[in-house]
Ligand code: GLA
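Listed next as structure tokens is one chain, alone, in the form predicted on its own.
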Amino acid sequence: MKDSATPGAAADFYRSIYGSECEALARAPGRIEFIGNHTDYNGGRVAGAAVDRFVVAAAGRRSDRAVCFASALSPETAFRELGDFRKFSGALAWANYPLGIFSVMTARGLHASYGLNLAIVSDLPAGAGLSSSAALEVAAALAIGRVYGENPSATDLVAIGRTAENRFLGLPSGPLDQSVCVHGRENHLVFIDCKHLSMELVPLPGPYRIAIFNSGISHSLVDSLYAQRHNECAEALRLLRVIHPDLENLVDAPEPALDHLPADTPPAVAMRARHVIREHGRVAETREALRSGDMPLIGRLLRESHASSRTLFENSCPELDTLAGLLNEHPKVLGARLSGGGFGGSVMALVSREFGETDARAIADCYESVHGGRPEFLHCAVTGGAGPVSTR
């Protein structure tokens, strides 16, 4: 339920598992990717927004050297000793996210002389493309830091989360998820320049809001498809550097250079690069359109983004295409596109304030007639970023 991820619920869950009161509480929101699909790890620009679905972490110290992770979504508690960072498997694999955070914080100088209890509650649907993983990472880092007398800065939180994903979990992700989770602001989009790690907050126009439809097709960003796309982008950059030796990132390449790649370049490599280069430009156009109030242009850019993800980056799926198609034909929808890594998850739509439950049901009915299952409509507000919560 939407109100299940509250500080009170996290404190109660902690008490039920560990038999004592927690010492620290922290909350972190999920995020949607507004535009900029797979541009972040290619050194480009991307835009996202924090949404009011949360992960809340409750933490406290132990009298021994055990480290324990519990989730309200898992029937088992995960255990390790201090300094033991062997990954969990099977049903406890979720605990690798807080374990990775603890590992990175320790490597960065966190002095852990006593054990830790951590309890997690969430109302973010896993696998929906709303970055429940980044919310878990950031909430855990804040709570763990407070137990051990540290207060990680916003910059630290982003770095800790991304390092845990890249080095501990093996996910070659960019800084989008953690940055939006940390820096989100109510009714604002967060535009991130991933090359320079700079950010700009741009207000959402008042007459519009964001609607999210979860297809129910779960994705896993550590699977081979995500890694394959990452590798194809890296190969495109390698080949382009033969033509432009000073090229730093894929997004910096001029699109005409793709016509001069070696004849034996796999077509998929050129397609991935073409998507990333064009998508990078769409992010800049979207920012300027928001500033000038050119809403029809924003709608067109969102639709173009989904089409490019479908045909060039090939990280959509029939269910996402159906949702995006239905939404983009709706008179109260400005534009819709897949949001996040793809291969499942959610479609995001920028809709008028008049778009409501009746409209959502009509979309869901049409989707169900095609695919059988029924998508979940998430009526989310754009909210502020992560932070500690009082235990009182």
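Note that residue numbering begins at 1 and tracks the sequence as displayed. Owing to the predicted nature of the structure, the values given are computational and were not obtained by experimental measurement.
Beyond the structure shown, there is the form predicted in complex with this ligand, which is absent from this document and is the topic of what follows.
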Three-residue site 31, 176 and 226 fully in contact with this ligand in the predicted complex at 4.5 Å by heavy atom | yes
Taking 4.5 angstroms as the cut-off for heavy atoms, does residue 346 touch this ligand in the predicted complex?
-> no
Proximity of residue 44 to this ligand in the predicted complex, heavy atoms at 4.5 Å | no
Close approach of residue 335 to this ligand in the predicted complex, 4.5 Å, heavy atom | no
Partner proximity in the predicted complex: residue 359 to this ligand, non-hydrogen atom cutoff 4.5 Å | no
Just one of 64-72, 48-56, 320-328, 336-344 has residues with a heavy atom within 4.5 Å of this ligand in the predicted complex, so point it out.
-> 336-344
